[in-house]
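The chain that follows stands alone, in the form predicted alone, written as structure tokens.
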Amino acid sequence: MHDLIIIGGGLAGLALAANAARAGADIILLEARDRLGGRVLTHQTGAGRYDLGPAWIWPGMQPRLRALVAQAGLHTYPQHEAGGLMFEDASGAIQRFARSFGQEPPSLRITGGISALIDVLSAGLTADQIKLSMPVERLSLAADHVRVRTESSEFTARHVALAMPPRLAAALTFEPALPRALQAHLQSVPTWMAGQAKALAIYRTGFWRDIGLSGSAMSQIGPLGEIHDASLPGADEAALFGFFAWSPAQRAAQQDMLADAVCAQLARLFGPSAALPEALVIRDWATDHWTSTSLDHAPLREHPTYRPLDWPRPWGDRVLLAGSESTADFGGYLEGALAAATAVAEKISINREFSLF
């Protein structure tokens, strides 16, 4: 029997696993995907890694991330914002502003991408402690343990941490069944980023900088609503990335022409050179069933307010939510993932020092 089974290999699950393993706990991490990272994902080229999920951190506001980055010896650099800003209004008229409005607080990016954090945390785990392509189907509660079942395997542990969005947790089968009120609450908690999509356009050169533009743009017609320079420092290529303003339903309805629509918009904003990227990558998180459910396709107009959830007995003695959406401290963000992992580790008394965080 294991001390702890962690279901989910995103930042929260890996942080909890690394902390518990370092403290000497017998742990195993089950990940449904064939990779680690969850919503942390990068596109690799010869020049480096580009973030397709979270891309920015704010160390001054995020002490756990700041400590992890420092301890791992990772480096950060500011989001490029020098130069003019392009704005496209609802009528299609385009206006150029002399300078970018700037982000406050300033956004930083990690050299090597956010996946560098995943690399650091997973490096502390053995191959036997990580099981990929292992989606969990059922949790059965016994007097002193929980039985976790997948399609082909079964594991037991004294505690189970669900390092996943609450809506995905609600889709699991529980024996005995969860109270209806708890099941409804889990389904009501939106998953941050689940309905979003990003586009990454890679070019040979940063031609927009040559004409005094920052690479930042805002649009009221889309398909991208917000665009930024994604170029890697010192790379022999350049890149732009953008967040889609179109809803999941709009993206699905125009899927076959989505790439052409993105290139056409980039050309309107940055000139004809932008119409022909060397590569265009679109990551639609709404189509990732290990991140999003149909309930997440409703657009979020603001960042949700998250809070911890204590499960009633008998489940509350053995199973805990450990995903980023289960904490009020930067819930939904990378910092929230580390906060959730810390809270669960403290609750089940695996490690009182939390040296990683």
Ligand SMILES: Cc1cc2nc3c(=O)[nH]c(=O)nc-3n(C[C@H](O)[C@H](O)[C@H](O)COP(=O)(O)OP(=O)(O)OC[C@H]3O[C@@H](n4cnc5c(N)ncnc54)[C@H](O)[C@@H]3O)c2cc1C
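Since this is a predicted model, take the numbers as computed values, not measurements. Don't overthink the numbering: it's just position in the shown sequence, from 1.
There is also a form predicted in complex with the named molecule; it is not shown, and the following applies to it.
Only one of 309, 69, 32, 28 lies close to the named molecule in the model of the complex, with a heavy atom inside 4.5 Å, and it is 32. The partner is absent here, but in the model of the complex a heavy atom of 134, alone among 134, 120, 130, 200, sits within 4.5 Å of the named molecule. Taken together, 85, 213 and 227 are entirely out of contact with the named molecule in the model of the complex: none brings a heavy atom within 4.5 Å.
Note that among 270-278, 167-175, 72-80, 200-208, the stretch whose heavy atoms approach the named molecule to within 4.5 Å in the model of the complex is 167-175. Heavy atoms of residue 240 never reach within 4.5 Å of the named molecule in the model of the complex, leaving it off the interface. Using a 4.5 angstroms threshold between heavy atoms, residue 155 stays clear of the named molecule in the model of the complex. In the model of the complex, the named molecule lies farther than 4.5 Å from every heavy atom of residue 246.
In the model of the complex, the named molecule sits beyond 4.5 Å of every heavy atom of residue 110. Shown without its partner, the chain has 285, 290 in segment 278-296 as residues with a non-hydrogen atom within 4.5 angstroms of the named molecule in the model of the complex.
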